[in-house]
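One chain is shown next in structure tokens, namely the form predicted alone.
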């Protein structure tokens, strides 16, 4: 086996933003990298997000406030949360951990762990944007969260603003017509807005991924378009199983998002990984398109200007990986877009469903497998995979090189309690 830093053979399993970032950063270190994914790069979950490069993520999903809202949300057909009740027995262990992770003492700790990553994410994106020639896809200006009442604004953003102040994350609060001076397309019903000024947006997440892939392939990277059936780690050797055959590698990086659980188990770790299924529909761009990514806080959806139209993305559906998509809930939100954007049209140009890889404590799994140190985990980024993808790639490259890390990885270990 090659020593670290001497051009190892590395398999990166997963062609989303995390896997692509791992592949390119490892390739830059001189390693011979093979990206393994049956789909084209960026065509999975990385295709359908809201395109936000978040500098403002301060809270995990699991908080006491979230739990208080759950019962009402489950019976509201336009809420951001839905559950297929037939999947409930499978979800119970995950939900029990989620409940424990929502205690205030845990929220404080998990919040610090989120910030430790997010604080380093912009610099990694700057490197990736330059390497991939993607500067034209990335826009500054921030993110506006919109409410139609003072009470709704306080319910939705009060705790977030407390944590934003704690971490020194810049933001502004606007009321009334000041909002329309900042973003003229915002409808008259909107009374309050939270402006997260440091966020950036990507106008086509899939094109961003494609450009990373192009940079990787042009430098000699390989793309093996096959599903990985498992790992073969017997006797200390390292290999992946594709088409019933073993292919050996010095190092294996598991970055397959919501599909990483069985592979992690092959490496000795049974992690409580499930999926928050997300949906989007694409609407025609209004005559006056928004300059910002807009989040409608009531009932909870995002309106993101993209190259191919206005993306309305919403939903946390708990139904597992294999259930067929159900677009009825996201389609119910289409008429509500008019309350937030003037001239929003109800024609649906396209629709999409994907799988956010989610762990109960809201933190990803990043680091080496305990008993197989040449297997490295890089999955579970939940709602901020686009934000943390390049940083995760840089961390993985540092691990392979044996460099001292800027970030303590213990909060993201595969053998943590997840609560």
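Predicted model only: the values in this text are computed from it and were never measured. Positions refer to the first chain, counted from 1.
This protein has a second form, the form predicted in complex with a small molecule, left out of what is shown; the following refers to that one.
Inset, instruction - Name the residue from 150, 226, 237, 198 that puts a heavy atom within 4.5 Å of the small molecule in the model of the complex. - result: Result of the distance check: 226.
Legend entry - Of 32, 69, 370, 39, the one that lies within 4.5 Å of the small molecule in the model of the complex (heavy atoms): Only one listed residue qualifies here, and that residue is 39.
Inset, instruction - Using the partner position in the model of the complex, report whether residue 59 sits within 4.5 Å of the small molecule, counting heavy atoms only. - result: Contact check for residue 59: no, nothing within 4.5 Å of the small molecule in the model of the complex.
Inset, instruction - Could you confirm whether residue 26 comes within 4.5 Å of the small molecule in the model of the complex, counting heavy atoms only? - result: Residue-level check for residue 26: no, no contact with the small molecule.
Inset, instruction - Examine residue 382 and determine whether its closest non-hydrogen atom to the small molecule in the model of the complex is within 4.5 angstroms. - result: Because a heavy atom of residue 382 falls inside 4.5 Å of the small molecule in the model of the complex, the answer is yes.
Inset, instruction - Flag residue 22 as yes or no: does it have a non-hydrogen atom within 4.5 angstroms of any non-hydrogen atom of the small molecule in the model of the complex? - result: Contact check for residue 22: no, nothing within 4.5 Å of the small molecule in the model of the complex.
Inset, instruction - Report the stretch among 339-347, 252-260, 93-101, 179-187 that approaches the small molecule in the model of the complex to within 4.5 Å, counting heavy atoms only. - result: Of the stretches listed, the one contacting the partner is 252-260.
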